[in-house]
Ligand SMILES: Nc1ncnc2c1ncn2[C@@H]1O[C@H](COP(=O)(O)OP(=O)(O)OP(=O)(O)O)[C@@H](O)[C@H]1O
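Below, in structure tokens: the form predicted on its own, a single chain.
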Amino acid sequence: MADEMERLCSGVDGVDELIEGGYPYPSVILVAGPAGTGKTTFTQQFLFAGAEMGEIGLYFTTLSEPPQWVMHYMSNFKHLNKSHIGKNVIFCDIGQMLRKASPEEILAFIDEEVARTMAQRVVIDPITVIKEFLGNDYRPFLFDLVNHLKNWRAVSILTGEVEPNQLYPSEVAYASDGVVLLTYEEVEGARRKYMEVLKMRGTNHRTGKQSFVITKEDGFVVLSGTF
């Protein structure tokens, strides 16, 4: 029986083959991993792929890099069309808001921006730093955020930093429809990067670690030889 679920392409070479053609639409996906594994690059390709098809992408940065620095580093990747910035790929910094706003105010602001732009693709990078500001309100906030994002009919990617010896941030993983894990491991004296789809609701996804590389020419690419 053919898969009738509507899907959005990932924008990352090699990923859609692992997840039956793309992310379920609507859905919320967690992309987790330590610093330097390519989470931001992964999400940027997702947004710019949508922009190439006329879709709107909304990128919320929290307390990592300001939008201007994200855009600066992304300019090194030749495959990303910079003309989409500010038009079909919109950057929004909510770092200052997190320092003083309530969970309800943060959620309302995200709602307003998604409604204003009518974004089909949303990224919050990273989501895990919000826990430092919300404390015990963090998990209820995640539950409400995920439900709101799905109601807006979008595919949303939340990135999560992981602590030492932590596989993924559990609070976000429980609330999300999909979990993609990015790691780097030492193999024969060299560090190699791996991607693994741990969870993808409504999808007969492939399992196991897949090698990937990140280059200026092609960005984040899952190596087909590891399928």
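Numbering starts at 1 and runs along the sequence shown. In this text, all values refer to a predicted model and were calculated from it rather than measured experimentally.
Just so you know, the form predicted in complex with this ligand exists too; it's not on screen, but the next bit is about it.
For the chain shown here without its partner, which stretch in 39 to 47, 198 to 206, 22 to 30, 165 to 173 has non-hydrogen atoms within 4.5 angstroms of this ligand in the model of the complex? That would be stretch 39 to 47.
Partner-contacting position among F141, F133, W152, F77 - heavy atom within 4.5 Å of this ligand in the model of the complex: After the contact test, the surviving option is F77.
May I ask you to check whether A190 falls inside a 4.5 Å heavy atom distance of this ligand in the model of the complex? No, A190 is distant from the partner.
4.5 Å heavy atom contact, S211 to this ligand in the model of the complex: The answer is no: S211 has no heavy atom within 4.5 Å of this ligand.
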